[in-house]
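Starting off, we have a lone chain in the form predicted alone, written out as structure tokens.
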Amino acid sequence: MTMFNNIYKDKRVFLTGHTGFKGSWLSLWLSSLGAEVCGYSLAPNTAPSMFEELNISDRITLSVFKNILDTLSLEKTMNDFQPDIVFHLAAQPLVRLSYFEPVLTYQTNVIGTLNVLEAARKCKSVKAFVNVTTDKCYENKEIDRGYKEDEPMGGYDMYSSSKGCVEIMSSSYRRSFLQSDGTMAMATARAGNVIGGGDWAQDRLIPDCIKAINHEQKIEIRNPIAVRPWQHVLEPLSGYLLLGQKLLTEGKRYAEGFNFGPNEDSVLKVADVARKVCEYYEKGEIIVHKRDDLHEANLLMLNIEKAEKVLSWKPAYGADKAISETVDWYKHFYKKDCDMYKFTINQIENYEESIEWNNYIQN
């Protein structure tokens, strides 16, 4: 009995965005599952970065620092590696940055995704493709319920709308090129606000809290009443891996969009999350910073019934556990009292033990 039916052992996995926050965690998890991983991404853009701190380049098969907009390099790297499956995580992932870099956001998120799809379609070894987007791909009317997978795509800001475009383009791409037998099976995966150790990106709540605490500064929050679905990084990654398993073994039956979010009791206000960070860190003071003119949604939730029914996927952690695991990672990192690679692998193993085994293991 092994995780994901042992599907990733000796599989060749092409992972874009492997130097990012989620990409770093997924690189380690795939490696621990016995996969051969080729990472393709820009170099890390934060200091510190989880990718560099844990020496992830040395823990996977191949690490390539290139842009997904470089089509020649992308296609050559993928064709040379001959992967069985592609996990596409590379993106411009920040809402607020998209106001200042709208062209870069659309180039990376839309054209970049199309480039990766085309490279995978031309590479005959690829059987499955997990295309990661976001919960913000939906036309958000700030309704008091979670969005279902068949609801309209949209987005107020350029980041959200770019991901809505990716979903529409992916559906069109699937119908245009991936209907016949023998072509790769491609699904999209939409996750909520992801937290966990090793994230140092700008304008994200918990990284901002951690930075303020460790610089002995007050924690400034812009929108304390905003409501989001909070989940530990391993939650959506488990969904991506399970979806990848299904695509590899049963193909186009699962070539659709899926939401991977927390249970309703983990949909919390920003201020509540910040307070819990201070509680678990045992320090920190919060102040409300004056908001600027950049629009940010006040309410966004996901409906995860489809993932539960079709994939038998369920979240294992509530918000409290997700926040405590996240804070624990940062506390040990800044104390420098342990090997953070081993600590991170231990968090992955603990999460695996928390999963309802029937959902992830087949006899």
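Note that the coordinates shown come from a computational prediction; the quantities given were computed from them, not determined experimentally. Residues carry their position along the shown sequence, with the first being 1.
What comes next is about the form predicted together with a small molecule, which is not displayed.
Heavy atoms of Phe87 never reach within 4.5 Å of the small molecule in the predicted bound form, leaving it off the interface. Proximity of Lys22 to the small molecule in the predicted bound form: non-hydrogen atoms within 4.5 Å are present.
For the chain shown alone, Lys163 is a contact residue for the small molecule in the predicted bound form, at least one non-hydrogen atom being within 4.5 angstroms.
Contact annotation for Val132: at least one heavy atom lies within 4.5 Å of the small molecule in the predicted bound form. Across the proposed site, His18, Asn67 and Ala191 without exception bring a heavy atom within 4.5 Å of the small molecule in the predicted bound form.
Comment: the small molecule is not present in this chain, but in the predicted bound form one of Leu299, Leu311, Leu62, Leu42 has a heavy atom within 4.5 Å of it, namely Leu42. Think of it this way: in the predicted bound form, the small molecule has a heavy atom of just one of Arg174, Lys246, Arg204, Lys276 within 4.5 Å, and the residue is Arg204. Stretch 22 to 30 is the answer when you ask which of 54 to 62, 22 to 30, 311 to 319, 324 to 332 has residues with heavy atoms within 4.5 Å of the small molecule in the predicted bound form.
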